[in-house]
Each structure stands twice: as C-alpha cells, then as structure tokens.
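A lone chain, given as structure tokens: the form predicted on its own.
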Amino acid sequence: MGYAMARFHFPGKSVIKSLMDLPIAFPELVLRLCLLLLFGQTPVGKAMEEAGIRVVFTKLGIVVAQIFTALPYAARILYSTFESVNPRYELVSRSLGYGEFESFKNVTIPLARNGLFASTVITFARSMGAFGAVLILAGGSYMNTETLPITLYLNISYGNIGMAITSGIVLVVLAFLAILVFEKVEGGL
C-alpha cells in the first residue's frame, strides 16, 4: 500500500490515504466495535463462517485485530519511505534491462531498507501492545485468546497484582528491546 501510494497517481488517492490513516485518528473502541460487527452476524461474517473461517473470539481474531491496529502505522511509514526513494533509480534500472519487479526487488527495496526495518519494529511494538482491538474482537479467554496486555488487565481485575506487574514488565522489556534494536540498526550498529 505504501509503495502504491508513493509511486502511482490515480483518482481518489487522497481519499484512500485518508482511509489508511482513519484507524489512527478514529476512537479505538468504536473502530474495534465495527470490526466485531463486520466479522459477526453480517453477510461478510456469515460467508466467512460458512467457509470455515471463524474470526470472532478466536486466535485468528487476535491476528486480525493486530493487523487492523498496526497496518495504518506500517502503511504510513512505508509511504514516507518509498516517497523518499528517488524514482529515477528505478527508471535507470529499467533502462538497463531490469523489469519492473526486478527493479523493485534489486533497487527500491535495498534503498528503502531502513524504512522497511523501522516499519517492522514499530508495527511489532504496536501489535504487542494492542489491547482494545484484541479484547473486543478475540475476547479475553484465559489461555486461549489471551495476549500480554489482556493478561495484565485480567490479573489486575482478579486482584493478582504480582502477575499483572510481571506482565507489565514483560511488555516494557519488549518495547525497550524493539526501540533498542531500531536505534542500533538506524545508527549503523
């Protein structure tokens, strides 16, 4: 999405960019409720369930919720990354015999490497902290659809402060490690 938005011009591009950013600006609970409604008892949800794909209150729901939470961040970072790669390099590559895909793979991707890595780290960190989306779409079933933020929440609500603190510490350590790795790579090791 980021590459397409950075390279191609088409009618409605500004509307699509706005839709990409909507999950960032929209109230999280309302957007996640929309996800629950979409995958619940709607034609989309029913068709998926008839095909054997259950999203609501399943582990797949965790993945879907995390994708909807992190995708706008990844798309925005990748849009900026590909926007900063001069398209002339791709044109020169193609004039020297590479096709479109080969130019993308051998020229654009290496030039966008830092942005791709930054996008990966930031979206990973964002997904790890996803709470509302996962809780609403996948539920908070103990040892089934439970993620670290949900574990923290459930243990606080049960009064198990020790386990809640442990979950919080693990989340903080993971966030710190993600930022540390990002800084190391960005700083050139």
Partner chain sequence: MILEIENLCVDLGEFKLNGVSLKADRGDYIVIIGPTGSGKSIVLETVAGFYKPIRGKIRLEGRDITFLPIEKRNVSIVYQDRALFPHMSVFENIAYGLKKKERNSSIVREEVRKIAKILGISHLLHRKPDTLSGGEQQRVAIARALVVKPKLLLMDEPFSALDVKTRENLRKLVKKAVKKYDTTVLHVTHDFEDVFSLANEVAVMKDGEIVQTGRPEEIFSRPLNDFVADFVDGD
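Treat the numbers as computed from the prediction; the structure is a model and nothing was measured. Residue numbers count along the first chain shown, from 1.
Below, we refer to the form predicted together with the partner chain, which is not included among the displayed structures.
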| query | finding |
| --- | --- |
| Candidate spot Arg88, Gly99 and Glu102, all three touching the partner chain in the predicted complex (heavy atom, 4.5 Å) | yes |
| Heavy atom of Ile77 within 4.5 Å of the partner chain in the predicted complex | no |
| Ser84 within 4.5 Å of the partner chain in the predicted complex, heavy atoms | no |
| Contact of Ala118 with the partner chain in the predicted complex (heavy atom, 4.5 Å) | no |
| In the predicted complex, Asn114 touching the partner chain (heavy atom, 4.5 Å) | no |
